[in-house]
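One chain comes next, on its own, written out as structure tokens in the form predicted alone.
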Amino acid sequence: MLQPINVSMESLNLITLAPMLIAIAGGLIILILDLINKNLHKSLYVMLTILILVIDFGATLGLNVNVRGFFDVMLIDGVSIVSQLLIIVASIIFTPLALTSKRFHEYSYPEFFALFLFMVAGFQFMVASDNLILIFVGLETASLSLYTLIALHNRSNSYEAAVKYFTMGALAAAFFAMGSAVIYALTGSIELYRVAEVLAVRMGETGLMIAIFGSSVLLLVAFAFKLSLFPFHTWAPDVYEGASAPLAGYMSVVPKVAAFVVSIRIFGMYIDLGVEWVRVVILVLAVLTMTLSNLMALVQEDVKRMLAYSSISHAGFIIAALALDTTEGTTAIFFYYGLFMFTNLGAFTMLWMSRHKSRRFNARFDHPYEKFAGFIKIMPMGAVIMAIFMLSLAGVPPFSIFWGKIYVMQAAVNSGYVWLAIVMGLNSAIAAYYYLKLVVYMFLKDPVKDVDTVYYNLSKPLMVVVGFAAVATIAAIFYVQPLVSYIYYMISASGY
């Protein structure tokens, strides 16, 4: 006879769900407001979204480290808190970019903001769990919202981008589901901490190693799609090109952070168990991704596609830190994205400001290099800020990403991978060429005729976001040390 189970509210520890529930409730409030009154201005939805994200940020900061909740499927450790804070800050920077001077179709829909909040909640579920089913649900919630946000940009190449991203996401989901199924068949559990315990006991068995090989290959492919690693990155630049510029910048940070957290949990477990070839494969993927995407970025004629390949190269750069499987390496991942977030979102916002409805400079591209020729004469301040973002992305001191690159290289050297640090340095040198190409166009070329203004889409909120991103990029030297200390403390507290 079945025994009744008594579940007390204390044992559920529902506070661990608070950040995600705040985001979901926010999305529902926006939809209900739209039902009550159709004619509310979009600025209300923007402010509401920011308010909800700020409350979400506070709820995340207030969580205790290393607690489980809701039948032990929620895991609130240092990694999940740091990654949730990164996701929310990037979302707060992204939201005001809807307040452009020209009217853009997607931002006039309240559904855009509701979907955006559901997507944030999905990413938060992904990072705050070590249960493979909940990770999968979070992944799909976030991905399905993101496909729709891309398609809402309402141009032919936006539909193409949404379908391509959907196809890549569907393949990633399929591989993830199959890899999880193999893990469950092996261990009888989908909680990663239990999986690690079972595998540690049975590591010597012959048949088991073949099954571990199968599961890790499937999961590696799934996350290679999500992180746009070589050779699964092929459609990623088309997706960035078809999405609106702010969304492309957002996609280069937030989905990557969420995918990195799950990768740290899964592949860190394999490396800890002594499955050494997982480390080798990740290092090979890292070197190939950063080198080949840099070479592809050299030949791009469009600034947005160049930034897309640059984002793929940065992801390759950072996944090398995952293979180190040290506290310093894991800290480097979050530290790098904490700095990269401001610079990359700033650079994509500059493209968003210069967005025209029609393609005035090139029949194929929205942002060809010629568009920015002689920029210093047309809008000096804009040219200087864009140049700062480019120099930061190239890793020029004292701007923000320089410190991130140094920290990743230091982690590699301290783990005995001197050759990896050398490869990273060479790749940074290659990357400097295509970032400086844009600086040369802006400062040393003459403006193309009939250009009255490049900044067609300028507005006060966009100037505030760009100003904030520029200050965060330039003043990095002042907050680098406390940021590293905080992240290192949180990561080591989680045992990574």
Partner chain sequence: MENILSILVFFPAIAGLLGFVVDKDSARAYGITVAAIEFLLSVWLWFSFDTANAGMQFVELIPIIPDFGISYYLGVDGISLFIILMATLMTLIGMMSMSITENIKNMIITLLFLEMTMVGVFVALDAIIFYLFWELSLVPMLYIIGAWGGPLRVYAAVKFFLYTFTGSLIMLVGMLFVAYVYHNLTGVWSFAITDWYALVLPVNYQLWLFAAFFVGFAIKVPMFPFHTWLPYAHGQAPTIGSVILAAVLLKMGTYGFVRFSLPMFPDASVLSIMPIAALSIIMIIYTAMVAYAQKDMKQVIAYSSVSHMGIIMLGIFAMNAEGISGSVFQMLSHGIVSGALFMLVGVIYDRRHTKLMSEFGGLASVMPKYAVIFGIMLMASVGLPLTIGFVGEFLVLLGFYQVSPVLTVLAGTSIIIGAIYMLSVYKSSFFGPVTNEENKSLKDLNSKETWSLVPLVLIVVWLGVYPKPILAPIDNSVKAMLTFMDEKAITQEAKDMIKVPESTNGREVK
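Positions refer to the first chain, counted from 1. All values derive from a computational prediction rather than experimental measurement.
What comes next is about the form predicted together with its partner chain, which is not displayed.
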{"property": "Proximity to its partner chain in the predicted bound form, single hit among V65, L436, M47, L40 (heavy atom within 4.5 Å)", "result": "L436"}
{"property": "Contact assignment for its partner chain in the predicted bound form, among M209, A181, V418, V284, heavy atom within 4.5 Å", "result": "V418"}
{"property": "Its partner chain contact at G274 in the predicted bound form, heavy atom, 4.5 Å", "result": "no"}
{"property": "L458: touches its partner chain in the predicted bound form, heavy atom cutoff 4.5 angstroms", "result": "no"}
{"property": "4.5 angstroms heavy atom contact with its partner chain in the predicted bound form for G214", "result": "no"}
{"property": "Its partner chain contact at A470 in the predicted bound form, heavy atom, 4.5 Å", "result": "no"}
{"property": "Heavy atom of each of Y407, G425 and A432 within 4.5 Å of its partner chain in the predicted bound form", "result": "yes"}
{"property": "Heavy atom contact within 4.5 Å of its partner chain in the predicted bound form, the stretch among 169-177, 110-118, 248-256, 388-396", "result": "388-396"}
{"property": "Residues within 4.5 Å of its partner chain in the predicted bound form, restricted to 308-344 and counted by heavy atom", "result": "E328, F335"}
